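There is one chain below, alone, in structure tokens, taken in the form predicted on its own.
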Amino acid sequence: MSNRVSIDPLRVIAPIDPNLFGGFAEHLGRCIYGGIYEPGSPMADADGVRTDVLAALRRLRISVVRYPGGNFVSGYRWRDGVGPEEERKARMELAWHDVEPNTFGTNEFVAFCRKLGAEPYLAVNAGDGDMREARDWVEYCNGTKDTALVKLRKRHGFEAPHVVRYWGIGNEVDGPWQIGFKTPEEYARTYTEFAKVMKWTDPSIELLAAGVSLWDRHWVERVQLLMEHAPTLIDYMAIHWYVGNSRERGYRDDDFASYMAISEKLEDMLSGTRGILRAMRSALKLERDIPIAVDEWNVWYRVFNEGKLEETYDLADALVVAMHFNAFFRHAASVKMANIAQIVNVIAPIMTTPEGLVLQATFHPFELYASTAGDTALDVFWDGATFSTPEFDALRVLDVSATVDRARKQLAVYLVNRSLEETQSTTIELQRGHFADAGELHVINGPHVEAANTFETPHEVGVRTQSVSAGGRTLTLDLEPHSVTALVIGVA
């Protein structure tokens, strides 16, 4: 059966926020030490930052990086990670049952972000921490007045303020696994009081509320209470999720079709969150929408604490990462930040050894979407072949999104072929205008869905690029089985 993708370049959803291409770095396993930061390595710069990792992350066009956690932040004392290294104290770390040396902290992180060209996003301790500690961190980073905390930052070698724009209050407070787990009412009150003093310290900062990570029967109540208690103090509602092809994540082991149907779960979580936020805006008569930040998301289902979360990703996982970006684009009106968790070694698209790094299968869709997306998401219609799973009937085989770059008059169409074996003949038709010139076709694929990039086989999954030309209003493509395809072409 053939497929049809119908696009009107003037039927827009919303601008695409560059912060959809965000990342997350936590003090967990080898994300910081041996990943981002490895003093003494021949690949490290004078500040101990791995230059090969930095170069790979630049390819992803990471726009914002969340730090230092994650579960880690609910027991973190930011003062432990500033000042002369010889004065920093190693601490027992309860979230991941490790010892934290604190040789990498606030100032090192901000300097890393500046090198990367990304905005720093700091999460404060709302677990066993208090609001004074949180507002002091804001003042230390952003303060300009002649106060003790500003003088302390200057003594640490940073005369100018860091101007950290994004601040999260707590992490996954709805989870019993969290230090300082809070009921919906407890967190709504905690958020309000933290937010007040942090905004009073620097009114220019933007605050993220830790909305949902558990997705139990209380999640609607959590979002509602946050909106009722602090409607003018929330700049983003943060939500988390991890997905995978395993019983632990709610799917049958090695059930490829059910794994590909994960798109429906993404749609449910994004649509549901947007719905409750819009309902509360109406009920509270607010003047603005509260955007969503999916500030932890990824595929994660094979390894847990015993493997320091060093997941090896395959082609099937890469397809799911691509479907995430399709979902973010389709929900561009409400999703204004997304942070893949994490960026190096720990459930990450980049893996390192002391000798080098490998780009995992999931690196390629992230890079492809980040490097080709236009500035505006389009509302796309598509139909054609379908597939079914034990949970869903007649899902479209293709998962699709599209963007347009208005200044360059360039269209980008993203198509995930979720068929395990069948090529999908697909006609892309413009409802308005016509294809203007030659373009490029980028295809992510590998020999089979379990193909993975490792240090032994680093190129099993990759990207092929070829030129394509079209005239008129239609273009027909043959989409390979288990592939991600991006068509980037001019339109008039």
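Throughout, we count residues from 1 along the sequence that is shown. In this text, all values refer to a predicted model and were calculated from it rather than measured experimentally.
What comes next is about the form predicted together with alpha-L-arabinofuranose, which is not displayed.
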Original post:
Quick one: does W300 come within 4.5 Å of alpha-L-arabinofuranose in the model of the complex, counting heavy atoms only?
Top reply: yes
Original post:
Are any of the heavy atoms in W96 no more than 4.5 Å from a heavy atom of alpha-L-arabinofuranose in the model of the complex?
Top reply: yes
Original post:
Using 4.5 Å between non-hydrogen atoms, is F24 touching alpha-L-arabinofuranose in the model of the complex?
Top reply: yes
Original post:
With a 4.5 Å heavy atom cut-off, would you call Y242 a contact of alpha-L-arabinofuranose in the model of the complex?
Top reply: yes
Original post:
Picking from 376 to 384, 257 to 265, 322 to 330, 165 to 173, which part of the chain touches alpha-L-arabinofuranose in the model of the complex when contact means heavy atoms within 4.5 Å?
Top reply: 165 to 173
Original post:
Looking at alpha-L-arabinofuranose in the model of the complex, do all three of N71, E296 and Q342 come within 4.5 Å of it through at least one heavy atom?
Top reply: yes
Subject >> Single option in I347, I234, A123, V416 placed near alpha-L-arabinofuranose in the model of the complex, where near means a heavy atom within 4.5 Å >> reply: I347
Original post:
in the model of the complex, which of the listed residues (L28, V65, I36, V461) lies with a heavy atom within 4.5 Å of alpha-L-arabinofuranose?
Top reply: L28
**OP:** Kindly indicate if, in the model of the complex, the C-alpha atoms of H448 and G307 are closer or farther apart than in the structure shown, bearing in mind the change is 3 Å or more.
**Re:** farther
**OP:** Over in the other structure, so in the model of the complex, do G307 and N71 pull closer or drift farther apart at the C-alpha level? The difference is 3 angstroms or more.
**Re:** closer
